[in-house]
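Single chain ahead, written as structure tokens, the form predicted on its own.
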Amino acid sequence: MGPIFNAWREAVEQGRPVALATVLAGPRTGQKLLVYGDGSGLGSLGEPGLDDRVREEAATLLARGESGRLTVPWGQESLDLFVDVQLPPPRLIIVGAVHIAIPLVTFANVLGFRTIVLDARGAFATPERFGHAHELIVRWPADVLPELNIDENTCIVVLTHDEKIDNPALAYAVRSRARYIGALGSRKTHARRVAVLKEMGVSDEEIARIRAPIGLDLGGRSPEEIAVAIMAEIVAVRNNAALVDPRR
């Protein structure tokens, strides 16, 4: 096997998002270009400009999590390529070991997510409450998030209602590549949150990435019902479904 295949296999085994573009027809048949989630790559289709063009197209598919065929005009050529996108299981990072987080972990696990619970409060973040999570990290979330290599396959929910925990975590999340960012709280709570985030230097465009009130409006009130509403919204976002929420 060549270095590109070995690099592709290593990325898959390490759980790194990766796309492999292969030319299907013409004089470049069989040539490959590997594209990682951070936009870097390996291999060449013979011309740097063509590599950049295909890398950009492959990165778009990678961000959407979709494999597919591409036709790329290049000079007198029309390249027919197949882009094989490989993503690790989606991740759900839950900031706040609150009661809603318990059923949220359960539902996310069923849907195939890798679940990570973050909370600095050891009284809540206990193995007894979150033995079903893949990871339970008892530290300040804003300190941990930069260590988690957040990408387009990651969703983040912020649940504590504690400004000193939620706001620094959100300030980091909105500048990450996370696919979904949601925060628990009423519109009034979110308005206060927005004011604080702006004081922290977060832009309007970055704040607009936060879905608040979090979850689809299913009318539920119990922790389990709210957890269902959150997961329903996450599934809809991941599937690029059209969402119209009169609360926002």
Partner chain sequence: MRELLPEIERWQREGKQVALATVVKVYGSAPRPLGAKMAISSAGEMAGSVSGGCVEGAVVEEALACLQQPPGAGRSRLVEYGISDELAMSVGLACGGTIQVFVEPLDW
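Residue numbers count along the first chain shown, from 1. Keep in mind the model is a prediction, meaning the values are calculated, not measured. Under this definition, the rigid core comprises the largest set of C-alpha atoms superposing within 1.5 Å between the forms.
Same protein, other form: the form predicted together with its partner chain, not shown, and the subject of what follows.
Contact with its partner chain in the predicted complex, judged by any heavy atom within 4.5 Å, is made by just one of Gly49, Gly220, Gly39, Gly68: Gly68. Shown without its partner, this chain lists Lys32, Arg179, Arg193, Arg53 as candidates; in the predicted complex, only Lys32 has a non-hydrogen atom within 4.5 angstroms of its partner chain.
Segments offered: 157 to 165, 125 to 133, 86 to 94, 138 to 146. Contacting its partner chain in the predicted complex at heavy atom distances within 4.5 Å is 86 to 94. Not one of Phe107, Asp151 and Val228 comes within 4.5 Å of its partner chain in the predicted complex, counting any heavy atom.
Its partner chain in the predicted complex comes within 4.5 Å of no heavy atom belonging to Ile234.
Counting a residue when any of its non-hydrogen atoms is within 4.5 Å of its partner chain in the predicted complex, the hits in 16 to 36 run Leu20, Thr22, Val23, Leu24, Thr29, Gly30, Lys32. In the core-superposed comparison between this form and the one not shown, Val18 has its Cα shifted by at least 2 Å. If you fit the rigid core between this form and the one not shown, you'll see the Cα of Asp80 move by 2 angstroms or more. In summary, the C-alpha positions of Glu13 and Met231 converge in the predicted complex, ending up at least 3 angstroms nearer each other than in this conformation. Relative to this conformation, a decrease of 3 Å or more in the Cα-Cα distance between His132 and Glu13 is found in the predicted complex.
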